[in-house]
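A lone chain, given as C-alpha cells: the form predicted on its own.
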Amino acid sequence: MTRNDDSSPVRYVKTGCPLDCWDTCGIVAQIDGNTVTRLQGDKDHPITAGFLCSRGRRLRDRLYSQARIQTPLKRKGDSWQPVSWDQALDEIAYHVTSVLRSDGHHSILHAFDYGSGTILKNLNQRFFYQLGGCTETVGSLCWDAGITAARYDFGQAKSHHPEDLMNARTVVVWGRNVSVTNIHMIPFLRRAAEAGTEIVVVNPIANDFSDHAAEHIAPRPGTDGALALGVLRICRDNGWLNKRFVTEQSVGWDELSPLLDAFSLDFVTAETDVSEQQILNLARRYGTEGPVATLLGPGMQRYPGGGNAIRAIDALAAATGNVGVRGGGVQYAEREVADWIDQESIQGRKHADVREFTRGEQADQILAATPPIKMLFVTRTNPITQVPNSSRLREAYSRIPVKVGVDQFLTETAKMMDYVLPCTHVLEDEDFIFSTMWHPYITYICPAAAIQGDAKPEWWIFGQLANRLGFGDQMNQPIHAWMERALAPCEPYGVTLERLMREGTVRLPVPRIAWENGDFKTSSGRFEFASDTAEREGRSRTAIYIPPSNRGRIVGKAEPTEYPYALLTIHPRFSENSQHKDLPHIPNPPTAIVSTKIARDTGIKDGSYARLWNEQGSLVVRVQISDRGHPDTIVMESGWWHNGSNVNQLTPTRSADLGTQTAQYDCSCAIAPVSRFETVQATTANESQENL
C-alpha cells in the first residue's frame, strides 16, 4: 500500500469490466480512502495489457453519478415515490403470487439480455425457473445468425488465440469494426502488420483501421454473401482450392460447387458495387497467398441473408485451406469457453417450463400472447432503445399491468416500469466475468467501492423475493459456492476459484488453433459445405445468397426509389449500446454521417440539420459529411436516445435467415434538409415520437 499523504491511504484493487463487449478487460481501481479515484487497465492481463477504453474508464463516473437510483421507486401517477425494500419486495411478491394463481407462470415475462455479463447474473434466471418457469426473451440483436452458421459448418464457433495473427500472411477484417467494438485487437493487428502481414478491411463503412489497411473493400450493405461466393468461384475456376481439405476433411463440396456458377464476376460487381480488381485481389489472397485469418464481426448478420453470408465466408476460407492451420481460421466467436463454465448449475433451467419470445419480435408476441402477459421483469437491458421498431415495443409494454425493472438509472425502459429496483454497480460487486466472443480468459471481479445508497446486488434482490415466495433455500447460498459450481468443469485443469481470486485472470484450457486436429463438431466430424443439421432445421443445406430486401436502388438501373439510401445503425464509439456516454444529459438531435454523394444529391450541408425518414418514422439529425465508405449509405450510432426517442424508431422488425436474430440493418431511408423553423418543430417530434 502506498500513501499520498500521512492520513489518506491509497490502495489498488484488480477487478474486471462486465460490459457486453468482445474484450472483458482487466481493471485496476485506484482507491483513496473509501473513494475510487481512478480506473486504469490491468497491465498483467494477457490480452488487454493495461489499456482500458473510455467506456471502461467511465464506469467510475457511473458509480458516482448523481442520476443513479439509490432507493427503490414505485410509480405514483406520472411521478416516482421512494419506498423501502420491504415494501417494494412485499408488493412485488404479492403481484407474482396473484399472477401465478390467476394465469400461471407463462404470464410472467422476464426480458433480459447481457448488458452486464457476470456469472452471478444467472441467478436472475434461476428465480423465474423456480416459479415453475416463465416466458423469457431469447435470441439476439446482433450475433445469433453467425453462431448458427458456424454450428452448421464447423459444429461450433471457435477462434484462434489472438497471438496467432502473427502467423497470418493476410488478415481479412470482414464486418468487424475493431477500433470501436474490439479495440484490444488493434495491438495484435499492428504487431502482425509490422512483421509483414497485410490487413484487408471489408466493410460498407470505413473505420479507423481502414487507413492502416493494404486495401479497404466497401460492398453495398447486405451483399457480403454475394462477394464471398463470387470470390470462391474465382478460386474454384483457377484451381486455387486446397484439394486435401476438400476431399479429406470436408463433406458437401459437390453440392455447393455448382451453385457458384451463378456468381459471375459481372454479377458480383453489379450486386456489390465492388470493382472487378478488388474481387480478383481478394480471390488471390485466399487462394494463393495464405494463410489468411478472417475476423468476422456482427454487423453483416443483421440482414435477411446474414447467416448465409457467414456460411459463404466459412466456405471460402475452408475450401482454400485456411481452416485448422496456424495463421488462418474464421474467427467470429469463442464458444468453447462456455463449455468450461457450468452455467446450468446456477440457472437451473433443466426442468423449468419456459415459453420463449424472441428479443426482436417480443412486441407482437406480447400483444398476441395466450395466456396473456400480466407481469414484466426487465433485467440487464434497455429494450425500449435497443429493439427494432421501438414504438411497437413501447405499445406492448404499456399494456402489461405490472412492470418491474432492475437498473442503476432511469433508462427509457425503466421509465415505463411500476417499480424500479436499484442494483449494485460492478465496482461494488464480487463475481467473475468471461466472454464467448474472442479470447479464452476469465477475470475475477473484486469489490472496489462501498455500495452507494441503498442499492443491492441482483442475487440479493431475487433471493429476497424467493424468501417471500417460499423457495429461498434454492436461491440463497454463499456467492463463493455458486462461483465454485460454475468453475467445477475446469477444476481438474487447475482453474479454481482460489486461483482465480489470487491471480485475477486465468486462461481456460482452450486450444490456441481452432480445428488444428481436424476433429470438427459436426455430425460428420468434418467441415460441412452441405449440412444435414441445417436441412433438419428447415434451412438450406449449403450457403446461399439472400439479397437485402430493402435494396435502395435496383441493381443495374438508375430508377429512383422512395427510400434510396441504406441506413446502418452501428455500435456507438463511446457508449456501450444504450449506456450513453453523456447520461443523463444526452444531446438532441443525434448525428447522421452521410456521403458526399448523398449530400450533393439532396442539398444537405455539413453541420446542418436534416430530416431522416422511412415508412416507420422520422428523426431530425445533425449532418456530418464523410467521403469514406459506400456512397449510398447513411450511418447513425445506435446508442442515442432522448426523451422517448431513439434511432430504432426507423429500424424494422425483421428476422435474419439463421438462428433467432434480428435484421435491423436491412433498413432504407430518405433524407432531406430542413429549415431552422422546421428543425425546432422536428426536434420536438423526436421527443414525442411522431411519425410521418
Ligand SMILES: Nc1nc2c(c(=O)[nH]1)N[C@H]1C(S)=C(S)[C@@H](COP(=O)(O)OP(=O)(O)OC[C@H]3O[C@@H](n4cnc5c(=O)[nH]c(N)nc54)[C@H](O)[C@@H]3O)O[C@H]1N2
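One-based numbering along the sequence shown. Computed from a predicted structure; not experimentally measured.
Not pictured, yet referred to below: the form predicted together with this ligand.
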Has each of 21, 222 and 568 got a heavy atom lying within 4.5 angstroms of this ligand in the model of the complex?
yes
The single option of 369, 501, 546, 180 touching this ligand in the model of the complex, heavy atom within 4.5 Å
180
Can you pick out, from 271, 164, 136, 407, the residue that has a heavy atom within 4.5 Å of this ligand in the model of the complex?
407
Hey, in the model of the complex, is residue 361 touching this ligand, heavy atoms inside 4.5 Å?
no
This ligand contact in the model of the complex: residue 308, any heavy atom under 4.5 Å:
no
Touches this ligand in the model of the complex: residue 285 (any heavy atom, 4.5 Å)
no
Heavy atom of residue 204 within 4.5 Å of this ligand in the model of the complex
yes
Quick one: find which of 295-303, 532-540, 259-267, 470-478 has residues within 4.5 Å of this ligand in the model of the complex by heavy atom distance.
295-303
Those residues of 565-581 which, in the model of the complex, come within 4.5 Å of this ligand by heavy atom
568, 569, 570, 571, 572, 573, 575, 576, 577, 578, 579
